[in-house]
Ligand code: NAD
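Just the one chain here, laid out as structure tokens, in the form predicted alone.
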């Protein structure tokens, strides 16, 4: 079995690698060549969450799982609150083939999924990027979005505004003007809005969003989380990474519960990538991508890390 520690990931997988791996995975899912297994997630108390995401990609010959979760006490110990590890197995024999550090990979694949939705669904003339949220993942989201559209400005809102200067520094690195604004103004100016929070209640409302906007809602991945008002989903064309996960733990769970939409109203983004479904239909249409984060994304970027490590001769081999 090969060991690829977390410390090597930054030199092995680029944002472009993650984009290509996740896009290929979405298409394979739409074609029926890959499937995710049911998510296991448990509350451990004191805000800690732990669980497993897993799947099989027959086309990519990848089988495995990501184990990890959220441990809010970690920051005080000098380590990241989010911790994860990806384990890969031979799909023919079931023998373990690799164990890969999953923290950076999770950030890269989440940002890649958002960027793919922007690339496929946002208006071509999108100029202003709106960011709702300013935590660790927001920086990855901003950089990934800037790779697929030539934005001219970034406007941002966060529940804790003192965190926004860190996101502003990322915008400055990209050469983009940055301004902290109200949600009313963010919705009035932004052509693309990325929400990346852990909110238990909607912050972005239907009234905030104007026609023609594309939204990438990336923070809701658990029952009870919510970033946007359900009425907004009823007004938008809806896309997701996986419909079953979207309606159970994603942003659409709330609109489904309110009877505003049905599962049949949601299109897998992979179907757009594979040419099996339409993307944006007009410049006035609101499109919304519910990014719940599926296990196959993790497996795809982990496999990319393994392949690169083997090429460079830096993968650590152990006998088990």
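Remember, it's a predicted structure, so these values are computed and weren't measured experimentally. Residue numbers count along the first chain shown, from 1.
What comes next is about the form predicted in complex with the ligand, which does not appear here.
Inset, instruction - Scan 91, 135, 168, 212 and let me know which has any heavy atom within 4.5 Å of the ligand in the predicted bound form. - result: The residue from 91, 135, 168, 212 that makes the contact is 135.
Inset, instruction - Tell me whether 131, 153 and 187, taken together, all sit within 4.5 Å of the ligand in the predicted bound form, counting heavy atoms only. - result: Looking in the predicted bound form, the three residues 131, 153 and 187 all stay beyond 4.5 Å of the ligand (heavy atoms).
Legend entry - the ligand contact in the predicted bound form: residue 80, any heavy atom under 4.5 Å: No, residue 80 stays farther than 4.5 Å from the ligand in the predicted bound form.
Legend entry - the ligand contact at residue 225 in the predicted bound form, heavy atom, 4.5 Å: Yes, residue 225 sits close enough to the ligand in the predicted bound form that at least one of its heavy atoms falls within 4.5 Å.
Inset, instruction - Would you check, heavy atoms only and a 4.5 Å threshold, whether residue 191 touches the ligand in the predicted bound form? - result: Outside the cut-off, so no.
Legend entry - Distance check, residue 196 to the ligand in the predicted bound form, heavy atom within 4.5 Å: Close contact exists here: in the predicted bound form, residue 196 approaches the ligand to within 4.5 Å, heavy atoms only.
Legend entry - in the predicted bound form, segment of 176-184, 135-143, 115-123, 72-80 with a heavy atom within 4.5 Å of the ligand: One stretch meets the cut-off, namely 135-143.
Inset, instruction - Sequence order please: the residues of 94-111 with a heavy atom within 4.5 Å of the ligand in the predicted bound form. - result: The stretch 94-111, when checked against the ligand in the predicted bound form, contributes 106, 109, 110 at the 4.5 Å heavy-atom cut-off.
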